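A single chain comes next, written as structure tokens; it is the form predicted on its own.
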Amino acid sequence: MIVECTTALPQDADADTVVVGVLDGEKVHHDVDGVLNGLVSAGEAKAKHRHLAVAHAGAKRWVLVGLGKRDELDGERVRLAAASALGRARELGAKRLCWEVPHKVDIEIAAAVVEGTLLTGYRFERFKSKPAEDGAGLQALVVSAHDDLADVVAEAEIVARAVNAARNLQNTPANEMAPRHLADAARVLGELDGVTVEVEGRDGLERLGMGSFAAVARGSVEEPALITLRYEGPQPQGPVLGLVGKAVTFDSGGISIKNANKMFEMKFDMSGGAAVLGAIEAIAELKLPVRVVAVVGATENMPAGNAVKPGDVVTAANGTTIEIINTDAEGRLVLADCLTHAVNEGAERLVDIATLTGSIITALGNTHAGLFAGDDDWAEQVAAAGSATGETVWRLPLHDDYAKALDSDTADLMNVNETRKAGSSVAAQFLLRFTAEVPWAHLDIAGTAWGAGKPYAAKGGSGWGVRLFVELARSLAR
């Protein structure tokens, strides 16, 4: 889908179908022969959020979508409305769709129109012998605004396409998205200006003393990949941002094997790593004036004769010894060494992202990701980036009592709380041990990474985290 921007009135735009938002108590500004406001007056078109009505006026079809009250309008409401509007436009057979940006709104609204449309338009059909026909004829999105918003629209397109690239990585089955494939995807990013990429395999993990990460990888014939990306933008500002992603490309649970029910979804256990790669793509394409070091720990977690066993003790890169109580708590073992590596590579602010605990789904469902942080100011900055992008987070406690739950009689700590109480907070306390007192935040995205049911990401991988990370990088450069 091509994305264009115009200052022409929507009725003059090069499009067969136009979307106009209806705001509570306001009329349609660019009516055509009184038809559109007639629908509003008759109650057929309503301001109720995402309500749809269709009209024909002039030579175009018009889709009127409810946006609610002006003082409640934000980017997320527009993304959701754009998803509904695109669905109706598809049914109408639209080929060129124009969206009129509401009058006197912040530029984030125009960006949200682009994001909502491109994210909704995403399809993963790589393995379909006959791709679906719905939407096949939609060729372009045209954004109509009074002011020239070409730069805003272009940047929103970059971000949305990076999210969809992350979704491609997520949705690819594990036999086609092993650690080596993820490493190949990272190497492609090395072609972008300002980006360098290094990949270490099993021998590299051993050389770097990453006994925790290496232990998880032992049970798989697939070579693990420690992927390190660095980005330096033009005239960079602010602290070095460290992004760390868990990328277990398939998680069987290892010796502590999972129940077979929905194990096929464990291809999504690399969603954190996918988000980090998507974020680097967008940050580099946007040429943001920041410095980023990104670390992705990619491996499978499989049972085998040489797999790590419950009761084994391993030594992490920072010298911490870990008693492994449950091999299905593997993500924190990977992240432990990746966090240490990010600090060693110069990260001055850290965020890790991972599908880490089922407990977070019980606590927060699919609406929020869990946020844990050891620094209040950094937590607020991460949360603000989530609010600005619709990738909302909810901060949960990181009390010292949760650290005590990891005490081990055999090693420095256990990898999981035997009682399984406060699972997400205990997991975050585990990770805190590997941050070297660098301001750090942890995002547990087990409930938001896939199957979250958002209208613009209804099925499969959501690419959650890409937009938050881009906004966080922008905030560091301001």
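Note that residue numbering begins at 1 and tracks the sequence as displayed. These figures come from a predicted structure and were not determined experimentally.
Here the subject shifts to the form predicted in complex with a small molecule, a form of this protein not shown in this document.
Inset, instruction - Could you tell me which stretch in 371-379, 283-291, 265-273, 209-217 has residues with non-hydrogen atoms within 4.5 Å of the small molecule in the predicted bound form? - result: Careful reading of the contacts points to 265-273.
Inset, instruction - Scan A174, I158, L192, I361 and let me know which has any heavy atom within 4.5 Å of the small molecule in the predicted bound form. - result: Partner contact (heavy atom, 4.5 Å) among the options: I361.
Inset, instruction - Go through E115, E391, D251, E100 and name the one with a heavy atom inside 4.5 Å of the small molecule in the predicted bound form. - result: When the small molecule is considered in the predicted bound form, the option within 4.5 Å is D251.
Inset, instruction - Find out whether any non-hydrogen atom of W62 is located within 4.5 angstroms of the small molecule in the predicted bound form, and reply yes or no. - result: Result no; W62 lies far from the small molecule in the predicted bound form.
Inset, instruction - Give a yes/no on whether Q170 approaches the small molecule to within 4.5 Å in the predicted bound form, heavy atoms considered. - result: Because no heavy atom of Q170 falls inside 4.5 Å of the small molecule in the predicted bound form, the answer is no.
Inset, instruction - Answer for D328 alone: is it within 4.5 Å of the small molecule in the predicted bound form, judged on heavy atom distances? - result: Residue-level check for D328: yes, a contact with the small molecule.
Inset, instruction - Considering only heavy atoms, tell me if V28 and the small molecule come within 4.5 Å of each other in the predicted bound form. - result: Residue-level check for V28: no, no contact with the small molecule.
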